[in-house]
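Single chain ahead, by itself, as structure tokens, in the form predicted alone.
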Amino acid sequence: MISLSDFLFLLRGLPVTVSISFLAFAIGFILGIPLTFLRLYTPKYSANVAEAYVKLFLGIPVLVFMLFFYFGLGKYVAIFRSPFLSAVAALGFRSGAYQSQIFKTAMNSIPRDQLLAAKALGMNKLQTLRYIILPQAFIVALPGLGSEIALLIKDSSYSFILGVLDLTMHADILRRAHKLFFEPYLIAAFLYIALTFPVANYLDKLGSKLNKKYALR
């Protein structure tokens, strides 16, 4: 059986899981919008480079990147000698590709007549992106971003393979300490649900509400 002290020990992994997930989301957000801009609004060469990035990070499992960063690049780049930072980087770079897909779909949903109106008013591409496209695209993208946060929280569990003391690693320590299998992972599973569902559900409802309010879809 899992005691209260065991449960509290399991909870000690939550801050690490949350930190990995939200740092990775921040990296993905920083990468996602420029990647989308490159894919949609720049010449073919730079657009192809951005497309190649997206295909690379969507086509290769994130665990492979974690192992590559930590065991491969970690020999040459000091920052990747940290299991925590290797996990954040792998998830963050992958999130950039996912968020680019989300923002690309959102930006493509903006009616073309708005872009033509902005051009008629003398706005350049950057001004149109800033004042017309991005404010609406953020609202349209909210449900997708909620799903991405949930995915990052779940995929952060791979970091325990690198030795990161996240929620999954704490569950595994309990399994080995008490020779249990079912209870530690079951509790960890419910904790992951408790982390992912509220965020994804809230952003999904907020996105739907704002989409209806501003008649974006």
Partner chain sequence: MSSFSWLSWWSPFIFKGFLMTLKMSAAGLTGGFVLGSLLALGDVYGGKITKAVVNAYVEFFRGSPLIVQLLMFYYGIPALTGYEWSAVTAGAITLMLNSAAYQKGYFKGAMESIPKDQLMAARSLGMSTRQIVLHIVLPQTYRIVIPAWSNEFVSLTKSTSALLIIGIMELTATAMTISALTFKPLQVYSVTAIIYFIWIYFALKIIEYIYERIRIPGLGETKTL
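Positions refer to the first chain, counted from 1. Predicted model only: the values in this text are computed from it and were never measured.
Beyond the structure shown, there is the form predicted together with the partner chain, which is absent from this document and is the topic of what follows.
- By the criterion of a heavy atom within 4.5 Å, K55 is counted among the residues contacting the partner chain in the model of the complex.
- The partner chain is not shown here, and in the model of the complex it never comes within 4.5 Å of any heavy atom of F138.
- Of the heavy atoms in R175, some are within 4.5 Å of the partner chain in the model of the complex.
- The closest heavy atom approach of I193 to the partner chain in the model of the complex falls within 4.5 Å.
- Along 43-74, residues K55, L56, F57, L58, G59, I60, P61, L63, V64, L67, F68, F71, G72, L73 each place a heavy atom within 4.5 Å of the partner chain in the model of the complex.
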